[in-house]
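The data below hold one chain only, encoded as structure tokens and taken in the form predicted alone.
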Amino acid sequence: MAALLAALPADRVLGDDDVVRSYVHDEAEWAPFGTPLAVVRPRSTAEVQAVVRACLEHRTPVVPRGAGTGLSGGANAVDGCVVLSTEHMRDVVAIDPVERYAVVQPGVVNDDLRAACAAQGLWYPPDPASSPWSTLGGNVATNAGGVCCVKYGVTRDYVLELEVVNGLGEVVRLGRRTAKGVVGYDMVGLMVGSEGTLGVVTEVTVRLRPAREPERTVVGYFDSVVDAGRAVEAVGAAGVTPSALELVDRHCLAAVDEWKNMGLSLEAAVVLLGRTDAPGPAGDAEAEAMLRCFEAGGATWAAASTDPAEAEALFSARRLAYPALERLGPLLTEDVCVPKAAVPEMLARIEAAAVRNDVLIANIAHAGDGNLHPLLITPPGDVEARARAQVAFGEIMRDAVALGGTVTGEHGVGLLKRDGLAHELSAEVVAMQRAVKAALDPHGILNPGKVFPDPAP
């Protein structure tokens, strides 16, 4: 504490127990967390470097944190650590409309960046459901995806350059702002998705796209998630690349409607929401193709929306599903991703896991790219239900791998998915990753215990 107070302005260091407690975990309610020594909120790269160097001198763990919207425990405190929050590093440093990139500090909120870009006729595509609250630093840490990533890709596809404080307390710049560049290893690609275990990001340069055309929306009602999954498979087989293809089941819609009183229709067990942003006749053709795929998949009703407000309400419900369901009881959030052709089978296996373990599982999904988010809900205080949910959680991860998928598509490994990582990756690959960690963080102070457990000394 003395070293931190000597290195930083006093208002950057939080030591009050009540305040510190509000920073000890992210939104992964079931992930464990410890008690930090302090929380620091630097405002510049130099202050981040000062924190890391002080912690390095005293071998004190550093746990980087953005807005705390993560869902894997990746930002959870460990005992005796310093939680380093980048929430006050909020500057949009530059937007270049010619080269089409933006330079931002890590505390910039995703939607705020998107609004700043829109003012110049530009667009930053990655849009996680938490975009009104999550920050670019956290998006980089987990390689966040989102609704439109089925067509436009995830965070890693847009990060050109990073400024990082590494585990030796050095400030380094990784990547380049040019359209092309192959000098050395792809250190930016390595850093994106590393969950704060390899460095603390202090500046991000992201690629931008021109503003896109207004979207057309296609809505389908289905009697089961498996039928909706068949429609998703049909969209892929038809060669259509929607700008969004989202699945929301009745549990999610009911929870959102009860919370926000949005007047949502509950006439179906599952709603599939498709969008296309192709311009002119091409967009009309894509919307019609999606509509045919919905019908071929077994939709009880499907139509191209003629009411933009109604369509937007359904997409808003998709974004609000997680916090709405949180109100019902503790949530264990899955994040598996499978090939599109395996979506129906994976959804069937999720339903089977719910029945087998007597657990309520609500389903939302970025269905167009196979990224499924089953939400396991347990009554408050029900220890037995929680144990059954944890069994189902493990079964769903193993089923995803068995179908050629992965245990996490965009939330990260953090604490909740470490067993899944060990199941998905070979011992040789895990050893390679440990070697990278040891090279960039030789003293093991950066977010220890996350992604994979630290080896015994």
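Note that this is a predicted model, so its numbers are computed, not measured. In this text, residue numbers run from 1 along the sequence as written.
As for the form predicted in complex with another copy of the chain, it is not shown, yet the points below apply to it.
The putative spot formed by D18, A31 and P379 is not touched by another copy of the chain in the predicted bound form; no residue has a non-hydrogen atom within 4.5 angstroms of it. Only one of the listed residues (A313, A268, L174, L291) places a non-hydrogen atom within 4.5 angstroms of another copy of the chain in the predicted bound form, and that residue is L174. Only one of T60, Q390, T45, T406 comes within 4.5 Å of another copy of the chain in the predicted bound form through a heavy atom, and that residue is T406.
The closest non-hydrogen atom of L416 lies beyond 4.5 Å of another copy of the chain in the predicted bound form. Another copy of the chain is not drawn, but in the predicted bound form it has a heavy atom within 4.5 Å of T178.
Contact check for V383: no non-hydrogen atom falls within 4.5 Å of another copy of the chain in the predicted bound form. Proximity of N166 to another copy of the chain in the predicted bound form falls within the 4.5 Å heavy atom cutoff. Here the chain stands alone, but in the predicted bound form its contact with another copy of the chain, taken as any heavy atom within 4.5 Å, falls in 197-205 among 110-118, 197-205, 222-230, 248-256. Along 313-340, these residues reach a heavy atom to within 4.5 Å of another copy of the chain in the predicted bound form: C337, V338, P339, K340.
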